[in-house]
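The data below hold one chain only, encoded as structure tokens and taken in the form predicted on its own.
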Amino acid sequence: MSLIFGLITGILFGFILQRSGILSYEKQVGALRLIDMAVFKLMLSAIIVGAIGIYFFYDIGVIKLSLKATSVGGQVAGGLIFGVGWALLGYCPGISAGALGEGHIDALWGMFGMLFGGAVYAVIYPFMKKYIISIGSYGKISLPQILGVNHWIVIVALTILILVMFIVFEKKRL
């Protein structure tokens, strides 16, 4: 059942991506150049909706959280690879799959890049685990745990911050 639910939500999310125009190369490059915030607005909206949904279902006992260990080294390395790939291709990985589905053949390079990157990571994982992932390893923690507050306080604060960002983006016509 969870696979069916995942498929349905994935299709809905893909529909939203397509209808919003986020799959276009121009929107992606506009985001990278910080002259079009549509991509960031969509990502930030998804983060807030996801946080609210996850913690709502967690609080009523429908789901159980399974946190991954925090690794500053892993996050920095992964973020750099992600950012460089996005800048070189003009599509972030998930968007490249949607763009390919929309008929943008150039996004096929992103699909190859994801497969190649996954294979390289599998090969170099022992090195990464020893020298990179171990940097800044804090265990299984979350922002509310670090701050010592209820998760809803963090979610409300982030929601307000994101809404303020949206207002600024709109005033600047970004």
Partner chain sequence: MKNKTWNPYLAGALVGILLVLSVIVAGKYLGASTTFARAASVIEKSVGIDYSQFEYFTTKKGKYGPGSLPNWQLMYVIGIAIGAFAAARFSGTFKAETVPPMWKKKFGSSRIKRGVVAFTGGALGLIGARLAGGCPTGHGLSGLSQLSVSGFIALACFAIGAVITAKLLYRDRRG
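Everything quoted here is computed from the prediction, not taken from an experiment. Numbering follows the first chain given and starts at 1. Take the two forms, find the largest set of C-alpha atoms that superpose within 1.5 Å, and that set is the rigid core.
The same protein has a further form, the form predicted in complex with the partner chain, not shown here; the description that follows concerns it.
Taking the partner from the other structure, the partner chain in the predicted bound form has a heavy atom within 4.5 Å of a heavy atom of D106. In the predicted bound form, no heavy atom of G148 sits within 4.5 Å of the partner chain.
The partner chain is not drawn, but in the predicted bound form it has no heavy atom within 4.5 Å of I135. Contact check for G50: a non-hydrogen atom falls within 4.5 Å of the partner chain in the predicted bound form. Annotation for 124-147: interface residues with the partner chain in the predicted bound form are I124, Y125, P126, M128, K129, I132, I133, I141, S142, L143, P144, I146 [heavy atom within 4.5 Å]. Relative to the superposed core, R33 shifts its CA atom by less than 2 Å between the shown form and the other one. The two forms, fitted on the rigid core, differ between the shown form and the other one by less than 2 Å at the CA of I167. Core-superposed comparison between the shown form and the other one: CA of W152 displaced by less than 2 Å. In the predicted bound form, the Cα atoms of N150 and G6 sit 3 Å or more farther from each other than they do here.
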